[in-house]
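Take a look at this one chain, the form predicted on its own, written out in structure tokens.
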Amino acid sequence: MQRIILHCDLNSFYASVECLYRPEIRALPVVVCGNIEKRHGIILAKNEVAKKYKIQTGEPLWQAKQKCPSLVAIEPSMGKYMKFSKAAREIYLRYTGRVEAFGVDECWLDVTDSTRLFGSGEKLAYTIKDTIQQELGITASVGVADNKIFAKLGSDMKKPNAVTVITPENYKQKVWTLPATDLLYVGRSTGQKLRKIGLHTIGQLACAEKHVLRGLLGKWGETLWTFANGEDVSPVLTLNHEVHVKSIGNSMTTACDLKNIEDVKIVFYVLAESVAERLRHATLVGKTVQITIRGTDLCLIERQGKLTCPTSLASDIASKALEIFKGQWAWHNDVRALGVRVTDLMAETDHGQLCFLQEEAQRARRQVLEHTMDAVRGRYGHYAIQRALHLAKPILKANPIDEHVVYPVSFFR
């Protein structure tokens, strides 16, 4: 039986929600962007009016205002967006139990069996789209196809508030004429490689020899060929599907440039505490620490190092991050942003390498201490308890746990 897959994309999601709460700005060009004072002034979303000024997601606010001086800029409010995202998913679940999130504003739905109750895939798409508009006050575009890749392409073709159906009979006319970069996971770099060998459209990619693509892109080339020919058979996973976590991390662009190792140490401890708390929440420990450093010249470097033994302690993570930083950064420039990530994860109950290089009793006390800090912050807020390091020189005022939201965005599980 041929599958029927929908891809629902909430249009201009962040901006649409903000306009819903503030009706007086609906007719104005609106963007949602980070706080400029914290140097996070990047466009995250824009409404339909702002799109007419060619404003792009990801560009800095100052550049967008050159295109449209009357631009209304609003800081993001993740609590509101998550509320609407959850409400939209509850609508999807009325029609099928197979709903897979792809970010906060997109979902795939497998409605193959649901059509017996609710009608064709196209009819269901219109029903869901109209229900979202009536109940939530925002719009959605829906793509209908027999696979996830083409369903997503369909939702991107017509916006806002539209339905696009791609079938085995019409996909060559609708899909193959599109640029290859419209295909999921064909980014700028891959697009350039394809153009160098004369592959500009999805159709040209679909008709290329597999061995040519394999030589150009490795195994990934065959995957893209499969996507372009509509042969993707990946299932729609349920929302409660358990995804294997490969790493846990956090990063931050600081409000001011970091000019010395003490400043860097403070930021590493702030980030390490958020990473460690999330590790403990997931009952995981990690064996490798990765750091990213972005200087004021905007160049990014990434380095990593092995821990003595698996850990979920912020002090271990921060100390290792600082050790790696000292060995890699020569202070030719000040530091603009830092990131910390823990990889090589394992369950904290698994047997790992025993630690002979430190006092286990002391380590156990630190473990109890950090769990206690989690409990205090969970009840009274992040700032209820802080390290003296942060109080001595409060160069950073940030709540990395509450401000860092993780969304499922990977197509491959």
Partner chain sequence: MRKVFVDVTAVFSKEGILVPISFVWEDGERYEVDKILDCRNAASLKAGGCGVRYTCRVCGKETFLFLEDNRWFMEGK
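Residue numbers count along the first chain shown, from 1. On a predicted model such as this, the values are computed, not experimentally measured, just so you know.
What comes next is about the form predicted in complex with its partner chain, which does not appear here.
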Picking from Leu279, Ile74, Val163, Leu136, the single residue whose non-hydrogen atoms come within 4.5 angstroms of its partner chain in the predicted bound form is Leu136
From Arg26, Arg387, Lys67, Arg366: within 4.5 Å of its partner chain in the predicted bound form by heavy atoms is Arg26
Any chance Lys210 has a heavy atom within 4.5 Å of its partner chain in the predicted bound form?
-> no
Spell out, yes or no, whether the shortest heavy atom distance between Arg188 and its partner chain in the predicted bound form is within 4.5 Å.
-> no
Wondering, does Phe84 line up within 4.5 Å of its partner chain in the predicted bound form on heavy atoms?
-> yes
Does Arg116 reach its partner chain in the predicted bound form, with heavy atoms at most 4.5 Å apart?
-> no
Only one of 127-135, 338-346, 259-267, 293-301 has residues with a heavy atom within 4.5 Å of its partner chain in the predicted bound form, and that stretch is 127-135
